[in-house]
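Two forms of the same protein chain are encoded below as structure tokens; each is given separately, as structure 1 and structure 2.
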Structure 1
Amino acid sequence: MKKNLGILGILLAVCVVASIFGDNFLTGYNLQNLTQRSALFGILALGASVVIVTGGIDLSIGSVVCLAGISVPWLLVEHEWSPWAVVPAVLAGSALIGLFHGLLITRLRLQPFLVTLCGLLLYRGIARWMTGDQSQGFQGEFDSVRALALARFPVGLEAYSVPATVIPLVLLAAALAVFLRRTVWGRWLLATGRNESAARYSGIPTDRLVTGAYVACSLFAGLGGMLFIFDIGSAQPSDFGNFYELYAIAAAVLGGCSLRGGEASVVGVLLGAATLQVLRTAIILLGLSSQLEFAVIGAVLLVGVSADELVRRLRERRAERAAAP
């Protein structure tokens, strides 16, 4: 709760600064776009948090977003697949990518950093090869499919409507929160992140949980990729999804997920994703160089890791004092 209040305070502070010095920050159009991007990146951040809970990391999120997103118009337009076949096929393919990662990590005992770094290169290369490195789009068709991301729900405010992408975000966040806090498997997942060896010796199926975490992460990334391409309409495989994994990881870390594993806050992750998007928008509205965006992400990661380490040391000192006679 303290971490959530802290990130909420940061979010509100950035909003206040942006509203004071940015003329268009509080306009309905800007807030609507901000909600849309926060929801899309929030889905990716939720997937990243599931992997981080286990003490792992997934650097391939952006490339999975690219491959899944590019595949949708490529299959619909170029190969004339039915939308009823494309959506489940892309989601299934994304889940298989996560399964591939999980098996390499749990069966071959490869490091998650190495496995997903190779995936980062592999999936983007596949996307560029299968499309001939050409931009893919819907060519003005399939509006009913794109409505999954483009629909808006008026709430009575001028020029502001709630984007439809908020719906899958809320559903996924609620499901993940219930899973982590109200189910045995969720508690086992947290225990695996805290101490995998101890969890394994306690009879917890750690390999299945770790594999399932990578499947969930890639599945969330695949869903996010589809929603992103539905939103923007067309994309170039060479740059679509670039650095999205950094946004997802930074949002998870900023939201209270420990890179050592075993800790997660769904509400914190959502606040972290929103904070990063508000910071990004504030940089643009304040007339600062857009290149500062990556500096901000780097600073957020550094602050999050440093704070996590300081909290760990403080807990250890308190435990030592409590144990001392």
Structure 2
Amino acid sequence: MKKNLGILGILLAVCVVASIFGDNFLTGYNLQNLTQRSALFGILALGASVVIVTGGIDLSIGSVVCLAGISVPWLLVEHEWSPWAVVPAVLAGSALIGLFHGLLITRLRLQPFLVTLCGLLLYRGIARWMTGDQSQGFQGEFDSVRALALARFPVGLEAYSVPATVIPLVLLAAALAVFLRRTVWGRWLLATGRNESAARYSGIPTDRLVTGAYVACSLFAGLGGMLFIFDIGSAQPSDFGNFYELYAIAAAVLGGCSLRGGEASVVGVLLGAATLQVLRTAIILLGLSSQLEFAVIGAVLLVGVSADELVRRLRERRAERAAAP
């Protein structure tokens, strides 16, 4: 919990600045938007964190978002599949992608970075080729399916209703938290991430766990991709999801995951994802030039994590001094 204080601090600081100096930050509509976007990126970040726990990395998240997302309108509109077939098919395809990564990594012992980098190229290439670089959209139809992302549930507040994407996010986050902290498999995953040989010597099926982690990550990315395109309505295969893996991994790392594996905090990851989205919106509501967006995000994160680290040290030193004679 203490580890999450840092990222919580950054998030709150950004919120405070945005609500004091920005226009209409604390309106229901804005908060609703922020919830939606944080939920979408949060799902990707949760997936990324599962892989990061194993000490691996998944660079293909953005491309899986693209391929899975693009496939939905492509199948629905161009190929006139039924929505009842499309959603499971896309999710199954995403899981297969993860399985493919997992097997290459555990069986052939290829480096995760390399495998998923090839994935990054491959799936985007497939998406572009499949659609002929034509953007895919719902053309104003399929609102009932898109409700999976677009529905809003009133909670008694006037301007704020809960976006539907919060449901999968909360379910996944809760499941992941319980999995990591309360189940044997989760514990084994943590052990595998930190010291694979210790886990193997303890009779843990490390290969299967690692493969499972990649499956989960791609599955989350596929689900995210679907929800993204439900939300946006259409997408261009050449740029949909570009860099999303970096946002997802950044959220996970901000939330306290170590890229060396074995550490994760579900709450932290969600806070990390939210921070990135709030930052982006804050820049607009503060009236900063959108050219500055990247610079501001980079600088705020850097200052934030550095400050967090410095505070941690200071506290440690003070504790030590208190214990001294």
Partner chain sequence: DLVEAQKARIAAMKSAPKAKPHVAFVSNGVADFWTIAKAGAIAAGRELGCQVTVEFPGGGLGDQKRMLEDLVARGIDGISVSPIDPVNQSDVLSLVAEKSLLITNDSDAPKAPRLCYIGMDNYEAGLMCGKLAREGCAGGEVAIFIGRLEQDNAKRRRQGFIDGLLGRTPDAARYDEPGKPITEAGYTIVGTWTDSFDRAKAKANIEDVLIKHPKLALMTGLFEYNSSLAVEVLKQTGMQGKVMLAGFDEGADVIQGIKDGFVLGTVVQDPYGYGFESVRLLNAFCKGDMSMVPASGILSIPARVIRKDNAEGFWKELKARIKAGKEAPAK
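Keep in mind it's a predicted model, so treat the numbers as computed, not measured. FYI, numbering is relative to structure 1, first residue = 1. We call the rigid core the largest set of C-alpha positions that still match within 1.5 Å between the two forms.
- Between the two chain copies, the one drawn from the form predicted alone is structure 1.
- After superposing the rigid core, the C-alpha of V296 moves by 2 Å or more between structures 1 and 2.
- Once the rigid core is used as the reference frame, the Cα position of L12 differs between structures 1 and 2 by less than 2 Å.
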